[in-house]
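Just the one chain here, the form predicted on its own, laid out as structure tokens.
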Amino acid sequence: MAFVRICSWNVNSVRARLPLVERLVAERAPDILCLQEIKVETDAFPRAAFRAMGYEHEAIFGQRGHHGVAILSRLALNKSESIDWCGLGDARHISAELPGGIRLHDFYVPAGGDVPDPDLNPRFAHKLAFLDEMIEWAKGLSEPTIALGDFNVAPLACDVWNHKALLSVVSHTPVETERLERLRAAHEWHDAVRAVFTAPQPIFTWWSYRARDWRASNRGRRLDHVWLSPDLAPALVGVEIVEEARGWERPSDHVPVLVDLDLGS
């Protein structure tokens, strides 16, 4: 296992976006697809379509509604498992071991609703509790690890279209960004995207459906992340944000994040 291309993408329904996944695979050829918000139960996941694209290995934790995560791979996957964050039974995490003993974790962190007050908004309280549990989890990691997915937090001022305007908007409030930084520091994670597109360069991975012309207004946020444990940081050779996918027919509101790693022989 030398060069490996990994894609993280909140597809906002894998069945609705299957033609777009097929297009991405044809144009970018990722070795591993990590999907979030698949919106389908595990048994109903369209496995045959992914096998036809060459993804023979899978780790899927599906759920009806706005949940569900999946790892589809051309490389062998071992020891797949999920953690029941906050004990709610939500399908928000799946992990698997890649060749070479690298652990890959695919996350769909709760969005948190609209009101950034945990006392008034149970969804926001859930999000903060989820991040708190991730912080404790990260402290105990000892193996080479990749953590990626829709973290639903835009941490830096240049990760949103207007820092001041969004300080009171869920996904960029100080209580969320401070927690995400604590999570990053808990394992000294290497933020792959910002290692290539350094701050203060604006980089977004999500644009609301509410915008009539998302490209013209460009009111985006960087909610999707790929983090590498310190021992994997030297393996990073490239990153691509597939911004054009936001303009494809019937798109997700998130776009794919591609990370290229040279993991040696």
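Keep in mind the model is a prediction, meaning the values are calculated, not measured. One rule holds for the numbers: they count along the sequence shown, beginning at 1.
Beyond what is shown, the protein has a form predicted in complex with the DNA; the following relates to that form.
- The putative spot formed by 79, 187 and 227 is not touched by the DNA in the predicted bound form; no residue has a non-hydrogen atom within 4.5 angstroms of it.
- The shortest heavy atom separation between residue 108 and the DNA in the predicted bound form is within 4.5 Å.
- For residue 123, a non-hydrogen atom is located within 4.5 Å of the DNA in the predicted bound form, even though that partner is not displayed.
- Contact annotation: residue 16 falls within 4.5 Å of the DNA in the predicted bound form, judged by heavy atom distances.
- Taking the partner from the other structure, the DNA in the predicted bound form has a heavy atom within 4.5 Å of a heavy atom of residue 39.
- Per the 4.5 Å heavy atom criterion, the DNA in the predicted bound form is contacted by stretch 63-71, the sole one of 45-53, 63-71, 22-30, 227-235.
- Shown here without the DNA, the chain has 209, 210 in 184-217 lying with a heavy atom within 4.5 Å of that partner in the predicted bound form.
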